[in-house]
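As a starting point, one isolated chain is supplied in structure tokens, in the form predicted alone.
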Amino acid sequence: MSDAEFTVHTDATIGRIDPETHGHFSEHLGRCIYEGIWEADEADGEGVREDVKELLADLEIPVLRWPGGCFADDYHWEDGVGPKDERPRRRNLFWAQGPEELPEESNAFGTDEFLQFCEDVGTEPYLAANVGSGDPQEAANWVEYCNYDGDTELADRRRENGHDDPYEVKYWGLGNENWGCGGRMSPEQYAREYRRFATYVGTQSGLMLDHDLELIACGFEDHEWNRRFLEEVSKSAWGADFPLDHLTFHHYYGRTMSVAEADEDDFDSFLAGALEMDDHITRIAGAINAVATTRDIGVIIDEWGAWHTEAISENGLEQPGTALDALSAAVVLDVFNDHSDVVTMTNIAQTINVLQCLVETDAEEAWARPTYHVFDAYAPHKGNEGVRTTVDTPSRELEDDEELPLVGGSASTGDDDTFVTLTNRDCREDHTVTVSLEGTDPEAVDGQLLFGDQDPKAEVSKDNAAEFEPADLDADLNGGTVTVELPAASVATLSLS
């Protein structure tokens, strides 16, 4: 007998699940760029790592954010273009680079290297412009360098640097964490700065470019901050249209948990922290709707993921890659699906080697972490129509009157199939789940299972990476209802037709 029931309401649509919901983030931090994407932190480094490029191309990542993070608001893009031997070596106030852990940036990897990498991988770039220590002219010049096809010094400089055609970069973030490392601004101060930058960046749409830019403003987990920012922006004489297309916030969880020392109670609290994403999305959407509308301003979570006590500045924010972290990623991706009417992009932190990365490297090899397999398994959701679900599940009481629902998931429809993802958030026990499609009796089911044989604290290495790959899931289809057994701390996918 099942102890959880999962019902898919196929006619109760939420919204299209934008592929950009599966986006990624790469910052000049630790070994993310140098030794991660790029071979070495040297002006004469050999270039992009082919093994990393192949793994990310296979994953078909939709969008990649760069160059930060806090790094972005002390970064000046012109330092990173042109001949390598003429690029200056600069300080960066926020993050150390490479194995020497120096607060210095070689600028060996700059705009053209990043945008060429995006072209090679087949992903859209998302550039974060410097608001904290930069100015609107610098940001506008970056847009012109990347995107203009006319006869100006900056467009010609791009051509001289090896790229004749404009890159057509669509996504532009104006600042990063401007309430913190990006200038410690009040929401009103940032709103005024944002309007200045948006004037000089956004005006290029329709005047100089053949495509529209999408401008992204920096928000905060303090949603009163977001409301005050939006109210100040709305006071400008922009008319009916707001000068932003998306508003962001960042959500990290697990900050007080050591992977090595965690127990089952810690696992519960950690997963409850991942589920807080649901409330944050609801609240930021509410702040937008109080001043504008989420039909015009989308929600972006452009930094999210597990951040454990093992990840510190001294080690470049590296932490073990575990099945538990991958389970948390599945939990969060389900939350995003349930908010597909407002969420327009997300970017997990970070792509290579840092925090909850998808790919890890050493000097010779690159390998997929467990979270990589979650993103791969959830890929069929991309571009589908998110639909409502209900789940009747046991739960566990936690401290502070919290409860952890032990079984969760999400669903989407596309073509003639319904795609369902399920998570067993119980790291102690298996759960049997029945899945039914309201008003529909599926005739065929295909399923996969992740981490069914793994301890939640199991850590990936290059020697055991294959052990975290998906296995076939035994799904019993009887009378239009599917029954599956979910081992503790596992993730399942079902394709129903």
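From a predicted model like this one, the values you see are computed outputs, not experimental measurements. Quick note: we count residues from 1 along the sequence shown, nothing fancier.
One more form of this protein should be noted, the form predicted in complex with ligand AHR, which is absent from this view; the next part is about it.
- Contact with ligand AHR in the model of the complex, judged by any heavy atom within 4.5 Å, is made by just one of Glu360, Asp426, Glu105, Glu177: Glu177.
- Put simply, of Tyr252, Phe375, Tyr148, Trp142 only one has a heavy atom within 4.5 Å of ligand AHR in the model of the complex, and it is Tyr252.
- Put simply, Cys70 is close to ligand AHR in the model of the complex: some heavy atom of it is within 4.5 Å.
- Though the partner is left out of this view, Trp307 does reach within 4.5 Å of ligand AHR in the model of the complex, counting heavy atoms only.
- Ligand AHR is not shown here, but in the model of the complex it comes within 4.5 Å of a heavy atom of Glu303.
- Under a 4.5 angstroms non-hydrogen atom cutoff, ligand AHR in the model of the complex lacks Trp367 among its neighbouring residues.
- Note that among 324-332, 416-424, 403-411, 348-356, the stretch whose heavy atoms approach ligand AHR to within 4.5 Å in the model of the complex is 348-356.
- Residues of 11-38 that come within 4.5 Å of ligand AHR in the model of the complex, judged by any heavy atom, are Phe25, Glu27, Leu29 in sequence order.
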